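What follows is a single chain, given as structure tokens, in the form predicted alone.
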Amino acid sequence: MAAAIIQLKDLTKSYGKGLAETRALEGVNLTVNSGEFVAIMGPSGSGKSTLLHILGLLDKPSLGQYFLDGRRVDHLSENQLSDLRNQKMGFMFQAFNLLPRTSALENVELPLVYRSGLRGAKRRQLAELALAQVGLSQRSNNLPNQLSGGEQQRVAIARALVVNPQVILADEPTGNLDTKNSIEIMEVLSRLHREGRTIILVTHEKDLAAYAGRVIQLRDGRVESDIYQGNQHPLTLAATWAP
């Protein structure tokens, strides 16, 4: 049985104080095993993005415990979280978050700049390999505005992969894409999962969640349901997903 890569115990996240306090998450208990593909769903305001930000070490819980690969991380300093995030996490966002005046290859290389001991030539080699993994070697010198939306998101996937992360976190990664490009991105994520990556996807689309082996539904900051499901084949979704 795969080992747990993520464990949350009674996790709570609050904003504000007193009468103005809002609880975005309340008493979340969750375990994600290495190699799982998990989709997190829920209505607006359910806590999806807050949970993803905590999982990705971009935010801290107010209460509770977070264990990453067996190490408790909720009490670490910002510098410690930053180092750990750069070692273990890869991120994909709806808005791509690419630097506009920087080539695809340089965008992918950027996370490696913060890795000590990596010379420029080695960083470039790793970035080229990551772009090749998403089929964009021929577009390495293009700026983001010279790429389609689907290509920009594949650059973002390569940027996530270049640090060889244990976990890939994707926050509505197809939100700015048309149906064809959305399916292509989900097929890339499915392939990465088959290769052994742990993937956590936030989405409000049931068709995208169908790619995952497990769907966690949030409501009002709590886990409403946690269901293991059989994955649909991407081509099935391509045939049924309305544009």
Partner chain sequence: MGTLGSIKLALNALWVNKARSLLTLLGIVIGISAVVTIIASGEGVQQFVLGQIQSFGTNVMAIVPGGSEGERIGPPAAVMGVTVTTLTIEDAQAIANPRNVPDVVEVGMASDASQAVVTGREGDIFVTIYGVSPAYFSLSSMDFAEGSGFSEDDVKIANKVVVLGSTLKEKMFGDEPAVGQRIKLRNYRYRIVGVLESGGSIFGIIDLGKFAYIPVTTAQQLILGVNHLSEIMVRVTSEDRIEAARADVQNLLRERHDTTDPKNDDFTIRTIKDALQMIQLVMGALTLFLAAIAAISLLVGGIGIMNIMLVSVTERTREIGLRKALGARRRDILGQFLLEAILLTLIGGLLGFVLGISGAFATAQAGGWAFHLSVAAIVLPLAMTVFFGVVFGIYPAIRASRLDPIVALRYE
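Quantities reported herein were computed from a predicted structural model and do not represent experimental measurements. Positions refer to the first chain, counted from 1.
Another form, the form predicted in complex with the partner chain, is not on view; read the next lines as being about it.
- Interface residue among Pro165, Pro144, Gly150, Pro111 relative to the partner chain in the model of the complex, by the heavy atom within 4.5 Å criterion: Pro111.
- Remark: Leu99 counts among the residues lining the partner chain in the model of the complex, judged by a heavy atom distance of 4.5 Å or less.
- The partner chain in the model of the complex comes within 4.5 Å of no heavy atom belonging to Gln125.
- Proximity of Glu187 to the partner chain in the model of the complex falls outside the 4.5 Å heavy atom cutoff.
- Residue contact check for Arg159: one or more of its heavy atoms lie within 4.5 Å of the partner chain in the model of the complex.
- Within 4.5 Å of the partner chain in the model of the complex, a heavy atom is found for not a single one of Lys9, Gln65 and Arg71.
- Stretch-level contact check against the partner chain in the model of the complex with heavy atoms at 4.5 Å: of 46 to 54, 213 to 221, 28 to 36, 188 to 196, the positive one is 46 to 54.
- Within 4.5 angstroms of the partner chain in the model of the complex, the stretch 170 to 209 places a non-hydrogen atom from Asp171 alone.
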